[in-house]
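One chain is shown next in structure tokens, namely the form predicted alone.
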């Protein structure tokens, strides 16, 4: 962690080509179901100003469940999934009406995009979403993205819109992700009690500063924002966390004057395919490796061979995404396996000729080819 007086100077010498702005429920509302129209209008004006200067903007917006709760006069978020989904169904149309009303004075049209995790987990759908967003941007619209909470169940949820916004930033190659919330940034509660202006690298100490949320309508807190920043920065995207209540916050952040925390992007972003393997997938199981295989994969960039495998956990089929763990059980890589979990016991520890004898019809004998493997 490094403190600098002007955290954004290094990245604002030229206007960003594309950025993602994520807004939490607490920014959009002043209470359960009560829209903060003045704040929404201010954010829309800030985005319109960026658009006028040639920056493409994608919005990731929470708020559907909260607005639905307000319309139904519910004071607490329902615990039952079906009731949450009903709130989302009622609130989503209200949310889009709100955004269109905010952008209309600036002559801008919004486009609703609702996603589930499967839309980004499955490669064909991932590419389809990517192309749709590209087309919406080329038409000059403002894509407004939210999780499809009306149909999302636990196994297909992103978890929260912070992570969704990081995935969208990665998917679209955005230069910046700006997360606006009720939090003014990452606060060093154990030290100076002040906002940390710049995070060069997300360490365990940085993660320890994060805390959850007690809001009845919110889903994440600083924990989810740190996780989102970790994903986005590894994709080469700089991340800001700042208060949505700060006047002209977007302009201030992008000219180096904004209060908030800036997370510096990694210098070497993962290639698109490996980024997708690493962060858009839910692994189906884990393959365990011996102590000789771990450095071969980590330091030499080689494929995983059967001789380095000791076993597996979970049920998975050939073609599934799996985690790779060393003898200590710590997951250090992820990849697409060429063999199912039912085949691993016979393969574990075998040399190449033995594997070829077991599977003479297989064109590829690597358990995971290096092109389908990424270090975490």
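Since the structure is predicted, the reported quantities are computational estimates derived from the model, not experimental observations. Positions refer to the first chain, counted from 1.
Separately, the form predicted in complex with a small molecule exists; it is not shown, and the next lines address it.
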Residue 337: touches the small molecule in the predicted bound form, heavy atom cutoff 4.5 angstroms: no
Contact of residue 64 with the small molecule in the predicted bound form (heavy atom, 4.5 Å): yes
Can you check whether residue 146 is within 4.5 Å of the small molecule in the predicted bound form, heavy atom basis? yes
Taking heavy atoms and a 4.5 Å cut-off, does residue 161 contact the small molecule in the predicted bound form? yes
Tell me which stretch of 55-63, 329-337, 308-316, 33-41 has a heavy atom within 4.5 angstroms of the small molecule in the predicted bound form. 55-63
